[in-house]
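Okay, here we've got a single chain as structure tokens, the form predicted alone, with questions on binding and movement later.
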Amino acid sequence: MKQSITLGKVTKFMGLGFFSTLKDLFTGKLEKEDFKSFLRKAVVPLVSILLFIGLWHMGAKTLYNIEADFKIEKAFNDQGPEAAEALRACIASGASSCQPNTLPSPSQVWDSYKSLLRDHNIISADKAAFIEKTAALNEKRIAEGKDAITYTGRPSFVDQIFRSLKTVFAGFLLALLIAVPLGVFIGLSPTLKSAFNWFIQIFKPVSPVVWYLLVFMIVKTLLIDSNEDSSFTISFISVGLCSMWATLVNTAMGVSSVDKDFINVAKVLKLGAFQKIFKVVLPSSLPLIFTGLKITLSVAWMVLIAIELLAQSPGLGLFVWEEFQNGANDSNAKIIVAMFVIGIIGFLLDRLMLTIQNAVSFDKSDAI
């Protein structure tokens, strides 16, 4: 009976249950406990979002007025009252040539977001038209053994998002392929643990900038005669090397802490080395391994921005740097748009890893 009541409270906030909760709220039939839960799950987050936007708007307006007053006072001191009044009138008119360049308001950020989407649609249309125009010529060139003519126009903001995602997943895959096997061997062998401990402790705290420089030295030499995009290669290798350490350490800890009874059962069953790893060690270590992978993916997404900036790889990192260097009136707003996009994607990547972890994990009691 108690379980069915609890289940009813849970389902009340899912799907159509949410609308029934609103109906009970307005008809006065909602219980006190359910009302508190409704406030905590629906109303409080909405109020906090509105409060954040309100504080942001007031802060942006305050900074705008401070910089505007400073510019007017400076014009008064340097050029006289007429220049100061002309600047005041220019600022009041909203002309882009004289507006203070400071923290943008929420409405300015929203306008920049829509502007970036419009820009993406224009670039996508130009790219589609180019592909259509060069389709016949490219077929002829390919038949002759020549390289196809590719579109070399500037990427849109959406294109740069996908480029960053491609880079971070490539770096994450590299980190997984290096860290998990190495962590398994280190966890199984105390000798290897002693041999690699100094290596991990020294290189784990190294800055992304230093990893980028090291990878750049190696890759630029290996690809010296190649026409491949070296910026992507340098970026994803640097991301992988920066972010793999959490997975390496957690995998080694998970493997070394496997229940000895499981290992003894594997010996009794005379399982081979690979069978023992894949049927006993890895399943028992999955919780810690996935904790390391979650941290690795988060770190990879964070260091990606700095590495793309250094490698001049056309992703979100380069977009933020170019807008900062541009210094246009809408550049600050576009940087804030990128900040929100980076944060939202980071949150979604974390949820993705949690979903995968829940899908592949199991209760040890089920295996007994």
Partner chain sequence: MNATIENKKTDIITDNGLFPSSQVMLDLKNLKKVYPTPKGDYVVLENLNLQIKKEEFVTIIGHSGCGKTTMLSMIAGLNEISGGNISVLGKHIKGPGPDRGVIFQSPSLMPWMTSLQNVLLGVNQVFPDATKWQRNDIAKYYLQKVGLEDAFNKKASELSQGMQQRVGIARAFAIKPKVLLLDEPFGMLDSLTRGELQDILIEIWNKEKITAVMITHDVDEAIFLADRVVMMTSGPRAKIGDILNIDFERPRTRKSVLEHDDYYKYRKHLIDFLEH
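Numbering follows the first chain given and starts at 1. No experiment lies behind these values; they were computed from the predicted model shown.
The following text describes the form predicted together with the partner chain, which does not appear among the structures shown.
S.K.: How about residue 139 - does it come within 4.5 Å of the partner chain in the model of the complex, if we only consider non-hydrogen atoms?
M.R.: Flag for residue 139 set to no.
S.K.: Residue 262 versus the partner chain, in the model of the complex: is there a non-hydrogen atom within 4.5 Å?
M.R.: Although the partner chain is absent here, residue 262 would touch it in the model of the complex, with heavy atoms inside 4.5 Å.
S.K.: Taking the shortest heavy atom distance, is residue 106 within 4.5 Å of the partner chain in the model of the complex?
M.R.: No.
S.K.: Could you tell me if residue 193 has a non-hydrogen atom within 4.5 Å of the partner chain in the model of the complex?
M.R.: No, residue 193 is distant from the partner.
S.K.: Heavy atoms within 4.5 Å of the partner chain in the model of the complex: which of the stretches 118 to 126, 275 to 283, 71 to 79, 216 to 224 has them?
M.R.: Contact-bearing stretch, as computed: 275 to 283.
S.K.: Between the options 267, 154, 146, 133, which residue brings a heavy atom to within 4.5 Å of the partner chain in the model of the complex?
M.R.: It is 267 that has a heavy atom within 4.5 Å of the partner.
S.K.: Given that the partner chain is left out here, which of 86, 206, 178, 271 has a heavy atom within 4.5 Å of it in the model of the complex?
M.R.: Flagged contact: 271.
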